[in-house]
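As structure tokens, the next two blocks hold two forms of the same chain, structure 1 and structure 2.
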Structure 1
């Protein structure tokens, strides 16, 4: 009898502990279920139906996925998103690192420079896109006015396929490089000054100190930065929607904008849900690769 009573007390104590943990987790779990898990499951369910703005029309099974995989548009626009990633990631990582190295030095107005570089990041994507939309205007944009003043040929920044991509890259780098700089700056603060003092005693040059102390010390932050920028680049939408509207033609149309057009322009929400599901699986694959590399580094 005493053993049963003791077991009962243990069970009640365990249940009380679990309920207390759930109570503390509830402010996080409830929004997670309502705004992430439920919409995800709902989207997967819609992807198996023919769905319009009026609601469900009929069950089509894997029909939307078959249409998605047999057509070339999905993979074409997925490549467009990859192309943007290939353009922006090396630039933003390199420039963010250089800015972090610059503002780490003891220079006049050091805090002011840090704030100036980071300031664009606090603005919304729509504000940034409209600013650069005016800057890249073919007739009255600031960049073409400067080129014309210098006697150089003007550029059709937003109507030429190659220039349009670089316009989006420039706007995106200007917007987010401050955030990259701050993360690199935090990584630099974690490197022990004793290592640099020892290198100075040994007569190491600035290049060797960067090569053998700074760069290895920043590698954990570097990997996180690269994968973060890859994921952010694959989700490109706002700059394209406002600055080029996917043009010229479909040159700058990305996978996210393709899903948006399929659902809200063509009124094919079932197919758009299938596209979103496939893209979600692809992003999970990217996240798995990220976890593999980071975990291998930790081991």
Structure 2
């Protein structure tokens, strides 16, 4: 009898703790459930249907997935996004590191340089796309004018398939490399100055100090950054939508833009939901790889 009472009391105590904690979590959990968890599940549900915005729905089972896996489009545009990642990640990481190394030393106008490199990051994607649309203009764009003045051949930046990708890469690097720089600057501050002093005493060269102290010291930040940039690259939409509209032809169409067009322009919601679901699985795969790499050796 007494034992039962005690157990009941303990159970009530737990419940009280749970509820008081949940009260604090609720304001965060409710929008999370409504606008994250629910749409995720709902998306899977929609993907099994032939579905239009006006509300015509028909269960088609795995039909959408079949269409998606047998037609080559989905993988083609997924590859396009991945291609962008392959182009931009090495450049943005290297340049970000270089900028961080340049402005970490005490030099005249140090903070001004840092601000200038970072400034484009605070602009919105529309603004940077407008600026670079003009910069890349084949006749009156600053870039071709400069190339011409230097006696170099001009480029049809946005209208030839090969150059169009590089245009998107250049605009994106200019826009976000400051972010990478700031993270490397924070990483550089974590490296103990003693290590450099010891190296100086040993007469190590600048290159050796970089190779054996700076680079290993930045490794944790570097790994996080690489994955961050991979994910950001896979999400590419705004720059392409505004600057090239996926063109020339279909050359710079990305997976996100493909899903957007399928769903909102062609009104094939079911198929677009299947594409979204597949893309979500792909992102989960990337996250799993990231987890594996970041936690493999943590010393």
Partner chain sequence: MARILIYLLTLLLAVVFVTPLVWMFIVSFKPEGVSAITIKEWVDFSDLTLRNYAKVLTESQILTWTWNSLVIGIITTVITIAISSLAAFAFSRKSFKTKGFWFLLCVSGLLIPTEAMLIPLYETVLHIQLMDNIWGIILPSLTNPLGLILIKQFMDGLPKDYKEAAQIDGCKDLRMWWSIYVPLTRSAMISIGIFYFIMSWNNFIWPYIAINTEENMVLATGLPTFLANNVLHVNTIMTASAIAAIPTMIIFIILQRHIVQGVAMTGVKG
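Heads up, when I say rigid core I mean the largest set of C-alphas that superpose within 1.5 Å between the two forms. The shown structure was predicted, so the numbers you read here are calculated from the model rather than taken from an experiment. Numbering follows the first chain given and starts at 1.
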Q.
Of the two forms I pasted, which one is the form predicted in complex with its partner chain: 1 or 2?
A. 2
(Q) Rigid core superposed, CA of residue 145 - does it shift 2 Å or more between the two structures? (A) yes
